[in-house]
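Each of the two blocks below gives one form of the same protein chain as structure tokens; they are labelled structure 1 and structure 2.
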Structure 1
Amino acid sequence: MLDKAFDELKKYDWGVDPKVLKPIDEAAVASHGNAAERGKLEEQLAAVLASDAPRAAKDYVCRKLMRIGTAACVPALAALVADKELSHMARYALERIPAGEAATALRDAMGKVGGELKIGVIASLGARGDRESIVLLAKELGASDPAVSRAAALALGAIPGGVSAAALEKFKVQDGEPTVAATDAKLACAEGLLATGKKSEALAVYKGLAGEGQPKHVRLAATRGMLACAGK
């Protein structure tokens, strides 16, 4: 049954009854707690990514690897990050695979893709909360493409910590979308610091956003943050 399902997967396309893949779904559930069986299933799924299977089949594989994937399938997923059609789903899986190799693959991809694909990779690193990417993300704050700069700011804001906050604080632009993104990211970063008990670091960020030069809604958010830091 499982072998037949994989034969069907290799030619699976939009419009085909997904029931043909049910044995794979069941095998993924049944392999929970059985490293050997799950590893075998992961290997079979990853092999489909390297084949000429239709996009729908590879999308399905990425969704499965998101749930059962380990470091073993990272190379197969990483190979798709530069593919315009499959990049999103490959990143979707890499974001959620806990192995450090998945984060490394995303960091490596930053220097290999551009435009929307690069923005996607940056967003994925933020979604992972990958602290090791902070230096790389900080460099993108000054990117010539405002969309890339904005994405980097938002990603840094999603990675709470003093290093992220410091990188965002150094980011100075006069106006435009990146400025708004950087401000939002600083607030998010401060909230993350506060949530992890780092009140003094959070307070420093909030104070920097409470000045008269900030929009009213930002000053209000910063004031609430400072009160929260004081336990009020």
Structure 2
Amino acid sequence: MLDKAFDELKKYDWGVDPKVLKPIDEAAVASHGNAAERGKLEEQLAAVLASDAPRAAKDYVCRKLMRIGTAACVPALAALVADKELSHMARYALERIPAGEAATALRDAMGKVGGELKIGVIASLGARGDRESIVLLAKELGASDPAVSRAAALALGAIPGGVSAAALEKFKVQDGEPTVAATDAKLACAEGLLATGKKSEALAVYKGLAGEGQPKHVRLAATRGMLACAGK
């Protein structure tokens, strides 16, 4: 049954009934706790990524590897991050695979992709809370593409703390969305600092956002933060 399902997978395209792949779904659940079985399944799935199987087949594989993938399948996924059609689904797996190799692959991809694909990689690093990417993300704050700059700010906000806050202080105010994102990230960092008892650092961030030039809801957030720093 499983072998037949893998045969079906090689030609799995849009419009094919997903039930033909059910034995693979069942094997993924049944192999819980059996590293050897899981490893074999992972290997078979990863092999499809390097084949000329249809996009729908590779989409399916990435969904399965998101659930059961380990460091072993990371190279096969990493090879797709720069592929415009498959980049998202490669991240779909890489973002959720706990192995450090997955984070490394995403960091490595930062230098290989641009535009929207880079935004996706940045978002995945943020979602992973990958502290090792803070320096890389900080550099992207100054990207010429405002959408990349915005993505980097949001990702830093997802890894809140003093290091991200310091990076965000260097953010140069731009019109529109990058500034909205950077402001949100700074507030997230201030909350993180406050939660870990670093009141003076948090207060400095809040003070920087409490000025008249800020929108009212931001000033309100900053004022509430300052009161919290003062223990009120």
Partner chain sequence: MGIRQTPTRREFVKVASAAVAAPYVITSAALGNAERAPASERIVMGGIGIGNMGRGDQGAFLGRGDVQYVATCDVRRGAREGAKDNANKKYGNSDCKAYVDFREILARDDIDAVHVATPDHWHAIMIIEACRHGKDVYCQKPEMRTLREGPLMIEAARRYSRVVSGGSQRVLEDYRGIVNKCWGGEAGPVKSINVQVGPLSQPCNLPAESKPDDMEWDLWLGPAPWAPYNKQRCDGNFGTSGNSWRSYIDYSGGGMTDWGAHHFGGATYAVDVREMQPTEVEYRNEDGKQYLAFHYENGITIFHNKPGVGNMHVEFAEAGQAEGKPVPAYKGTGGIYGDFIECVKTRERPFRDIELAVNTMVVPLTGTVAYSLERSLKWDRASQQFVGDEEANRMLDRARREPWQI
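Just so it is clear, the structure is predicted and the values come from calculations on it, not from any experiment. For clarity, a rigid core is taken as the largest C-alpha set superposing within 1.5 Å between two forms. For numbering, take structure 1's sequence and count from 1.
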Practice problem: Name the structure that matches the description of the form predicted on its own. | Solution: 1
Practice problem: Answer yes if the Cα of K207 shifts by 2 angstroms or more between the two structures on a rigid-core superposition, and no otherwise. | Solution: yes
Self-check item: Shift of R224 between the two structures at or above 2 Å (CA, core fit)
Solution: yes
